[in-house]
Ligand code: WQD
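One chain comes next, on its own, written as structure tokens: the form predicted on its own.
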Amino acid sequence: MTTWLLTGGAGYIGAHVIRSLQASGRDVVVLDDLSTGLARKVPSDVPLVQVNVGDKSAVTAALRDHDVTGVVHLAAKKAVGESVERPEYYYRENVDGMLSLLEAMAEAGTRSFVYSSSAAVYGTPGHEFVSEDAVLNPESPYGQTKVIGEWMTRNAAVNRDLSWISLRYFNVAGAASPELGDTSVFNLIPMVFRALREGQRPQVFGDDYPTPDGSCIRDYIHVADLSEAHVAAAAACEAQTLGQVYNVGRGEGVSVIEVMDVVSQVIGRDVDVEVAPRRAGDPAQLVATVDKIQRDLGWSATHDLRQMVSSAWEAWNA
């Protein structure tokens, strides 16, 4: 039996990853300081260690006390705009936290590691689709911290037996069940729902990008598909010593305005968007190539955008 420590497991993505890991037959321990996560999202049969990942001694103790064999590291601050306004905070939380975790894993002898990275590492690529070997050119402190996290992981594996996979998430949406919905103030779809609830017009940040309709283009991935990608990565790390990076997306670009159109269809009325200024650090287009993860891990997305929006709307109204 293997046991995986899931940092940030009380959050939106983490709550889904817990359930996918459990369904695969693995034991799970959650480590979360609950600064943004919700304890109610952690199942009653899953231990919850309420500490910050930057507390190395507490993390080391958790790894040892629960005989942890692998770590999925989700805990991080993740808002692009906020990272531009508060870069020092993002470096402290994301980079210092990563350092503490890697040191704790070394002390405890934990050898399998799945790192939550981001498509933000790419910045604005010069081509329509971005592959894992593209130049990394992050345009925000958030993206920079994710690049540094990948470097730290790669370097940590040089001198010890660390099997690792870095998953570069594209835009995550949807819910596997209503109680696991996204409550983020930074993600597009819940931002739309929140504006509608408050009687406001949902905002599109910029309509003058070099895209067909002027709004940003992104690759949207259902959180249930993303959580299964973590299981595939965990299994691969357990089976052999690896050091790999994978995009996690659908390989299909959708503009923000197109997302708004799908939201209108799902809720049955025009959301009547308002165009706002661009946000700092937002690239015009980010769409994944996903053939590598399909080939190596046998994973591919199964949910489309309408399923993401519909499940998110159901969760929002639960």
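Here the rigid core means the biggest group of C-alpha atoms that line up within 1.5 Å when the two forms are laid on top of each other. Predicted model, so just to flag it, every value in this text is computed and none were measured. Start at 1 with the first residue shown and count on from there.
Not on display, but discussed next: the form predicted in complex with the ligand.
A.B. asks: If contact means any heavy atom within 4.5 Å, which of 176 to 184, 154 to 162, 202 to 210, 237 to 245 contacts the ligand in the predicted complex?
C.D. replies: Within 4.5 Å of the partner lies stretch 202 to 210.
A.B. asks: Out of 222, 78, 230, 73, which one falls within 4.5 Å of the ligand in the predicted complex, going by heavy atoms?
C.D. replies: Of 222, 78, 230, 73, the residue with a heavy atom within 4.5 Å of the ligand in the predicted complex is 78.
A.B. asks: Check each of 98, 105, 114, 120 and return the one that places a heavy atom within 4.5 angstroms of the ligand in the predicted complex.
C.D. replies: Answer to the contact question: 120.
A.B. asks: Is the ligand close enough to 188, 216 and 282 in the predicted complex that each of the three has a heavy atom within 4.5 Å of it?
C.D. replies: So, yes: the whole triplet contacts the ligand.
A.B. asks: Quick one: is residue 90 in contact with the ligand in the predicted complex, heavy atoms, 4.5 Å cut-off?
C.D. replies: Because no heavy atom of residue 90 falls inside 4.5 Å of the ligand in the predicted complex, the answer is no.
A.B. asks: Give a yes/no on whether residue 42 approaches the ligand to within 4.5 Å in the predicted complex, heavy atoms considered.
C.D. replies: Close contact is absent here: in the predicted complex, residue 42 is far from the ligand, nothing within 4.5 Å, heavy atoms only.
A.B. asks: Using heavy atoms and a 4.5 Å limit, would one call residue 256 a contact residue for the ligand in the predicted complex?
C.D. replies: Yes.
A.B. asks: Where, within 140 to 160, is there a heavy atom within 4.5 Å of the ligand in the predicted complex? Residue list please.
C.D. replies: Going through 140 to 160 in order - heavy atoms within 4.5 Å of the ligand in the predicted complex - there is one hit, 142.
A.B. asks: Tell me, please, whether between this form and the one not shown the C-alpha of residue 281 is shifted by 2 Å or more, with the rigid core used for superposition.
C.D. replies: Comparing the forms between this form and the one not shown, which are aligned on their rigid core, residue 281 does shift its C-alpha by 2 Å or more.
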